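Okay, so here's just one chain, in structure tokens, the form predicted alone.
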């Protein structure tokens, strides 16, 4: 490729879109009060505060094990519940399985759920059930239904229609079509997406723990609020270890199952 190929004429059609994008970014930065001076000042202040977090409080390690286990248990319970209910919503939201009125209803419910962050759902559940891991389990399960339900519905709609027609042609009932043609086709996708959702839930549970779900997230929030920065560093290290182990375990399960 030569320099002559980078001509103005070649890229002129992209200039209007690029100009609009630059203007939009500049206007957004102005409205958001973005300041390079504040950025530089904040970075310097953050680096000075970073020294307060080291060295970690290694004596707090044993105190972090039980909250980390709570976080892991929350995800282990929430993910299968969400995956199980996502099958129902996925079937109801698939065009080639459900009637149009049911599909639109299921798609609307999934879209509304996916539009609500888990932390908003948790705040509602905390008001209903109180603080504790149960509210976190329900929030992550509902979040899993929205994500997995949409992915499963899309996977069902991508099934070759000839497969469904062949099963129905031999006299199979709609349930038998689902049992023998739909579920075997989408089960690998459901398993893979559920494993990925488990990894997402591990990260989300840390944030939810800080606002009432318990677990390691609560310990991190409490340590920072009490200005125990060394203890907070130990909680961060435990979170990183938990995320790393969950990813390795997910990779192992994925290789064995799929």
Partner chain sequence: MSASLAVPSNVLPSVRFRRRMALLVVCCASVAAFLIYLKVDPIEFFRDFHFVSDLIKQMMPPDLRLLWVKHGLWTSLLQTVAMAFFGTLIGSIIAVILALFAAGNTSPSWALRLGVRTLLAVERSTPNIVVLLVLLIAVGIGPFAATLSLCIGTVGMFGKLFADAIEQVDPLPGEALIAAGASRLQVIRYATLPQVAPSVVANVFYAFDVNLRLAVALGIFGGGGIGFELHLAQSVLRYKDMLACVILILVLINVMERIADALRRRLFLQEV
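Numbering follows the first chain given and starts at 1. Computed from a predicted model, the values in this text were never measured in an experiment.
Below, we refer to the form predicted together with the partner chain, which is not included among the displayed structures.
- Although the partner is absent here, residue 95 is not a contact residue: none of its heavy atoms lies within 4.5 angstroms of the partner chain in the predicted bound form.
- Of the heavy atoms in residue 224, some are within 4.5 Å of the partner chain in the predicted bound form.
- The shortest heavy atom separation between residue 210 and the partner chain in the predicted bound form is within 4.5 Å.
- The partner chain in the predicted bound form is not approached by residue 230, whose heavy atoms all lie more than 4.5 angstroms from it.
- Residues of 94-112 that come within 4.5 Å of the partner chain in the predicted bound form, judged by any heavy atom, reduce to 112 alone.
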